[in-house]
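The chain below stands alone, shown as structure tokens; this is the form predicted alone.
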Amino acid sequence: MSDDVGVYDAMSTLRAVRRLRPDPIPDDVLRRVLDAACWAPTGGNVQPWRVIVVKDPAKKKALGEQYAKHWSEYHAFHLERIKDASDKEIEGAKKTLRAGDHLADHFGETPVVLVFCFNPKIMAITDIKLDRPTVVGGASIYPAVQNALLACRAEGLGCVLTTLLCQSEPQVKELLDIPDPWGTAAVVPIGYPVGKGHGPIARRSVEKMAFADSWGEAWS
């Protein structure tokens, strides 16, 4: 474990790492990552999520085949979306897409794939009647995913959160014997990174993201 990685360091350097080595992850390291996920808060402390730790080569290969299909579609969509961007932005996007291509090509070789599932029957989804997409249920799922990602960062593991496989939920549920009414919320391939892995991230600043008391009022 990387003892010198503090929580702020971890959050500010948690990159999406898609180039992963096939080297096995020790059980004690994996246990700490899963422990971190279990510490996450959930509505009513119900913990309406479970995670399937996929190591079986055949199952990882099958997941990878589904992932590659959806990644190919996303790759083409993203290139079309940025076609009028600056040369610098396009080159940056292509670098990310190349890393995604690598993951799609080597998904089955990833040492561990975490498949996060949820049960909507035991979740307090307080926004379900509003005239917009519901998001509140995710508050009882994605903190566990984020905890796992931060733990991976602390352990020197590369990781990336993807929801592309949610488009193949019927196939994933059949492959992993996930019963109804459980659904899939996220898939996290993890492994030791090829090359440097994590590092400084690019995000909008607080000045662009936070308001004071009312929408549009600058926070300072």
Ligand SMILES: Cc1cc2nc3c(=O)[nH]c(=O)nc-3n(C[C@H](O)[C@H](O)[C@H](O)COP(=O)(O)O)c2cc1C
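Numbering starts at 1 and runs along the sequence shown. Note that the structure is a prediction, hence the values are computed from the model and not measured.
The form predicted together with this ligand is left out here; the points below concern that form.
Student: Please identify the residue among L164, V29, L176, A36 with any heavy atom within 4.5 Å of this ligand in the predicted complex.
Tutor: Result of the distance check: L164.
Student: Contact check in the predicted complex: K61, R153 and Y192 versus this ligand, with a cutoff of 4.5 Å between any heavy atoms. Do all three pass?
Tutor: Looking in the predicted complex, the three residues K61, R153 and Y192 all stay beyond 4.5 Å of this ligand (heavy atoms).
Student: Heavy atom to heavy atom, is Y67 within 4.5 Å of this ligand in the predicted complex?
Tutor: Y67: yes, in contact with this ligand in the predicted complex.
Student: Contact between R203 and this ligand in the predicted complex at 4.5 Å, heavy atoms?
Tutor: Yes - in the predicted complex, heavy atoms of R203 and this ligand come within 4.5 Å of each other.
Student: Report yes if any heavy atom of V160 sits within 4.5 Å of a heavy atom of this ligand in the predicted complex; otherwise report no.
Tutor: Yes, contact at 4.5 Å.
Student: How about A16: is it within 4.5 Å of this ligand in the predicted complex, going by heavy atoms?
Tutor: Heavy-atom contact with this ligand at 4.5 Å: present for A16.
Student: Taking heavy atoms and a 4.5 Å limit, what residues of 121 to 142 are near this ligand in the predicted complex?
Tutor: The stretch does not touch the partner at all.
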